[in-house]
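Given next, in structure tokens, is a single chain: the form predicted alone.
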Amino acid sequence: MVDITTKYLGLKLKSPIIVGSCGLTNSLEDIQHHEANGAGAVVLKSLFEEEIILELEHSKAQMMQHGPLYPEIFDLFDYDTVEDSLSKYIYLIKDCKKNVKIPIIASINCVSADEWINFSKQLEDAGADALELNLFILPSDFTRSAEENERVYFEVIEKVKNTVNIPVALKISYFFSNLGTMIQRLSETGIDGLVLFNRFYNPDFNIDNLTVTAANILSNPSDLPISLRWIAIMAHRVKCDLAASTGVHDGTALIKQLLAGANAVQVVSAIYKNGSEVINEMNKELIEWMDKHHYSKIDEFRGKLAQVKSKNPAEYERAQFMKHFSGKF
């Protein structure tokens, strides 16, 4: 009998498919629907650092009206009595833990190692099974060096890991000058998992009214090779789990990422396009493929096509088309 369970961040998942952070993971009803269709875990829609900081500052201002403010007061602060995005997020975690069985991964979109980190403990106390940090610093600030930008990642990890006891994953981009080395260094910090890669806002121009708009909000199957290449290159070379993200739209893409070495695969755009039922379809494709190739467990083929196991490692590093399109363009 084929077993598609897997382990990610120390959590046992009934399927390697994780519904990534998005608007479809912002309500108990949607999350129950994902679970019913075979999702292995869900990453809640991200809280943004800016939201947390603004609301913590507001809460501080309110509490200071009643006297001096001491750090210990935050241990007594009851988020359940405040109707804001932070308390609603905690309510969602608690509701999910009461009503669904799959792991619930909280998510924070952050850009600094600031005061918001103290709030991560509240997510743990609410029952979150793990925490995913979505961190991306666009290298567009010309006053900051690459080293200064990269230092933030390590500061965030250190502070969060010192604050919570639940597993922590870091979702990153591929915008680093030495990506492979950076991924290795991040994996050695004690982080439990790395997600390759986050999908971020891309600007576009409306040439009729001369405004900036959003472009390519949803991923396409053509986006798959970026994460596939780097999952395959980094598999067996890092000291934490790896999750693949972006461009996974069917069972074939899921299987490819597992063959590359992913412990789990995040799916979002395919669900927006086809509904949660696509999760069940992808699981069925995986089961049929495993049965056809006589695999009973995912671990029997996970990473089988990783670079470290390849007879021709250069295939993963080739940057030019060379002979493939020679003379055709």
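Residue numbers run from 1 along the displayed sequence. Computed from a prediction, not measured in an experiment: that's the story for all the values here.
Same protein, other form: the form predicted in complex with a small molecule, not shown, and the subject of what follows.
Taking non-hydrogen atoms only, residue 45 approaches the small molecule to within 4.5 angstroms in the model of the complex.
Residue contact with the small molecule in the model of the complex: residue 263 places no heavy atom within 4.5 Å of it. Using a 4.5 angstroms limit between non-hydrogen atoms, residue 257 is distant from the small molecule in the model of the complex. Residue contact with the small molecule in the model of the complex: residue 268 places a heavy atom within 4.5 Å of it. Proximity to the small molecule in the model of the complex, taken as heavy atoms within 4.5 Å, picks out 218-226 from the listed stretches 232-240, 218-226, 162-170, 184-192.
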